[in-house]
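In structure tokens, one chain follows: the form predicted on its own.
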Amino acid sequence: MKIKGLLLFASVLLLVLTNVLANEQADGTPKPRAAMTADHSKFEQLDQAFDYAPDVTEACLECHTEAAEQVHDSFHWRWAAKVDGKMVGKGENGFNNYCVAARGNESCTQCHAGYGWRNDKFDFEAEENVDCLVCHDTTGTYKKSAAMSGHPYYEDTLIGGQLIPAVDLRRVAQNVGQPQRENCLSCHANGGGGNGVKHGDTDMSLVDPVHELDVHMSSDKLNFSCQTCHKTSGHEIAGRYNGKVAFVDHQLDMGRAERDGKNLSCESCHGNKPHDQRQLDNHTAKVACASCHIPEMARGPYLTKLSWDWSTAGQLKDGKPFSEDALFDGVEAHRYMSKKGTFTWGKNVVPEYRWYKGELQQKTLQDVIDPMAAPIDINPPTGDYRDQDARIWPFKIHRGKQPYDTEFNRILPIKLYGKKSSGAFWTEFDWQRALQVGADNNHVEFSGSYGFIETNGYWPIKHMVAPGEQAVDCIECHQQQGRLAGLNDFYLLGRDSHSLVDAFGALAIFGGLFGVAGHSGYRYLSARRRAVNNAKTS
């Protein structure tokens, strides 16, 4: 029995030690739990010398049989959605006041999750056109070429003095995984032509932000991935776009099934009374969390573009395009480019505030504008004080000056990118031709007459949430000429005056003073009367 007991003890001890060693690395720290259930380096389909990226997609689809169809149904693929019976988005009819329109400019479609979107002949139904690697590459070596409509660099290429090595498709394919921040930000942080240009709250500093820059994504504490908030199911990624609001409601998630896969709000986790202070919690009915907890935009090391004037583009020196740089908030950036016109930039910029209920009203290239109403709001947020779903929200409002048809009063798209004789403005610097080709590419009628008009583009600020101690102070809003100076459809304590409220306040103050004075006078007279009576009695 003793021997059996010793053998049993030894077996248990060996099992425990085996399990401990199996879950530890060489330095004694626990092994990270594998997030994947498949090692793609073991798949024969991926162990080959690919020379064409769509061939990798076909290999992926041998196992992931439904993936391409799921991607085809997503906004990431279509870049447009039907709103009020009309397709709206940068893939069709939509525009902004950066590069105006993506359609016909293959450098813009380098960020499309597909291969070869160069013109209207692109086959949106072809499964092999889906680019799996742009989202699932974990090597950091997969780069899409602006000159090849979303294909990667198949050969070593010199871009702006930097050598971009040819992609090793076998290595990338064998090392796919869950999308990382770098995958999402490679496009979403570089929209509008470069890092931080477009959004004001999204740049490459979010790949590994310090806690002071973003309390949710910093690896010091919460270490959120993009998908922590942008919930994903079947390649449908939660996020606002044309036809889909930014959030469902302002209630705790509570695991309700009907909210699965829907856009959530800050309150989904924090609730609508997160401060444990009644005075602050009373604000949440009308003030978005972001308004106080994102005090400035572009809070990292990078600038964001604040204005873009296309009307000055096309100037040449000695017949050649040129650029001029200047310092903006201590950081050097282009002030002028022949290709693009004049810019202003900024960092740590106080946002502007508007009522917002998760929707932006996108104008399209088919909409008629009123030049007398300039600046034209091209995607204004909806909602006002009386709308119970709307809250005060911080915005980057990008000021633009862009071409429009002076006869038909419509915004004009520009053919920007392309070889000589293509009509591209960046190679020919001919406005008339670039606008005609841009209009043709986007099926827009062009009268031949054009001018430039001021426009406003609205970008809600949602990222770069600061630590609580850096939240906006009360006085920054509750004062004249404070942060909310642009919102005047409601009474704001400390900023506004109203005759009835002022009269009531004056009545309360002076009535109170009169009451105190009257009461004091009565007490004084009573005391004196008692003193006189006491004297007479004694």
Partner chain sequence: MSAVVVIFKRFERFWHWAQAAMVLLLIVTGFELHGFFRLFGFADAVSLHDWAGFSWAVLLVLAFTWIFTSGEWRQYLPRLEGLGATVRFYLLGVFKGESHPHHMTPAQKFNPLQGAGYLGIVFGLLPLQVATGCLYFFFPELRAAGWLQSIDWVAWLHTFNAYSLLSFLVIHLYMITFGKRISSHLRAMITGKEEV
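Keep in mind it's a predicted model, so treat the numbers as computed, not measured. Numbering follows the first chain given and starts at 1.
What comes next is about the form predicted together with the partner chain, which does not appear here.
Of the candidate stretches 454-462, 113-121, 280-288, 190-198, only 280-288 has residues with heavy atoms within 4.5 Å of the partner chain in the predicted bound form. Annotated contacts: Q479, L513 and S520 all touch the partner chain in the predicted bound form [non-hydrogen atom within 4.5 angstroms]. Interface residue among M36, C63, V501, A49 relative to the partner chain in the predicted bound form, by the heavy atom within 4.5 Å criterion: V501. In summary, among the residues A485, C474, A471, A67, the only one with a non-hydrogen atom within 4.5 Å of the partner chain in the predicted bound form is C474. Interface membership of Y385, defined by any non-hydrogen atom within 4.5 Å of the partner chain in the predicted bound form, is confirmed. Using a 4.5 angstroms threshold between heavy atoms, D55 stays clear of the partner chain in the predicted bound form.
In the predicted bound form, Y491, L493, G494, D496, S497, H498, V501, D502, F504, G505, A508, I509 are the residues of 482-510 with at least one heavy atom within 4.5 Å of the partner chain, listed from first to last.
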